[in-house]
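First, one chain by itself: the form predicted alone, in structure tokens.
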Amino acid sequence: MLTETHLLQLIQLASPALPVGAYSYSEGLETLVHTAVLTNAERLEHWLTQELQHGAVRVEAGVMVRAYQAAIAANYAELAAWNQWLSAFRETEELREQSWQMGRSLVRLLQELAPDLNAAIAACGEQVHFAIAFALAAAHWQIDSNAMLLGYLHSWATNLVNAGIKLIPLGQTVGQKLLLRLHPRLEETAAVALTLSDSQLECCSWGLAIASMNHETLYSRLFRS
């Protein structure tokens, strides 16, 4: 169970106030709204649900478990390998750059908040993915892996719901209702991520990949992905 201290540390990691620039990314939602694929809260909920059940974020959660375990064991070679694996896994330049940029921002913050992580950070190389940096912080602060995943997934969902609120647009109350309905899906994804074998780290995210690639050529953009 989470202690009060662990809970507060997790809330800080998952907070929209964390200075990593998450608010500037839509992960393809801007393209989907522009092309009228996402026109209301129900369609946005369906998209996010499919991503949680079958998409890249599910695989990312599975990799986080491995990075978390490697960090606890101080197995820096394995930690670096999974960080490199995530780089190869990213399907588009925008998604990879998003993960790297947010990771760099979190790493800079952790170097101030948790200097003991410097060796683990250095082992990952110049580009550390956000999911890996998040797992490093959770391991350092002894936040249990399930809570780590729930915090990470909730932060991911919150950011994309907020993007939908701006783009579709939706009201704030509608957005909060949507986020609340996603809670069971977040719990399911976290539970599955803890049980995935290496051979099960696969996804069906061609829709996200196409939306992301097309985002690069949109005439007008509010978001960076």
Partner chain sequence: MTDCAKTAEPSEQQPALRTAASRLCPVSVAAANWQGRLALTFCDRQGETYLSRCFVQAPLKVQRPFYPEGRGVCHGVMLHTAGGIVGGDRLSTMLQLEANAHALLTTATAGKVYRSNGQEAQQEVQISLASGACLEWLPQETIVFNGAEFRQQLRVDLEAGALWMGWEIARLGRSARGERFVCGNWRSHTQVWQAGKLIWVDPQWVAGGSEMIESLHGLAGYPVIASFALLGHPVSSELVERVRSLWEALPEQEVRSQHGVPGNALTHVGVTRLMSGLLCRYRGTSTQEARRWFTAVWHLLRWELLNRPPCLPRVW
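Nothing here was measured: the structure is a model prediction, and the numbers come from that model. Positions refer to the first chain, counted from 1.
Unshown form predicted together with its partner chain; subsequent notes refer to it.
For a residue to qualify, one of its non-hydrogen atoms must sit within 4.5 Å of its partner chain in the model of the complex; none of 158, 162 and 167 qualifies. The stretch that touches its partner chain in the model of the complex, counting heavy atoms within 4.5 Å, is 83-91, out of 144-152, 68-76, 111-119, 83-91. Remark: residue 9 does not count among the residues lining its partner chain in the model of the complex, judged by a heavy atom distance of 4.5 Å or less. A residue is said to contact a partner when one of its heavy atoms sits within 4.5 Å of a partner heavy atom; residue 22 fails this definition for its partner chain in the model of the complex, lying far away.
Looking at residue 43, you'd find a heavy atom of it within 4.5 angstroms of its partner chain in the model of the complex.
Using a 4.5 angstroms threshold between heavy atoms, residue 217 counts as touching its partner chain in the model of the complex. Contacts with its partner chain in the model of the complex, taken as any heavy atom within 4.5 Å, map within 38-69 to 43, 46, 47, 50, 51, 53, 54, 55, 58.
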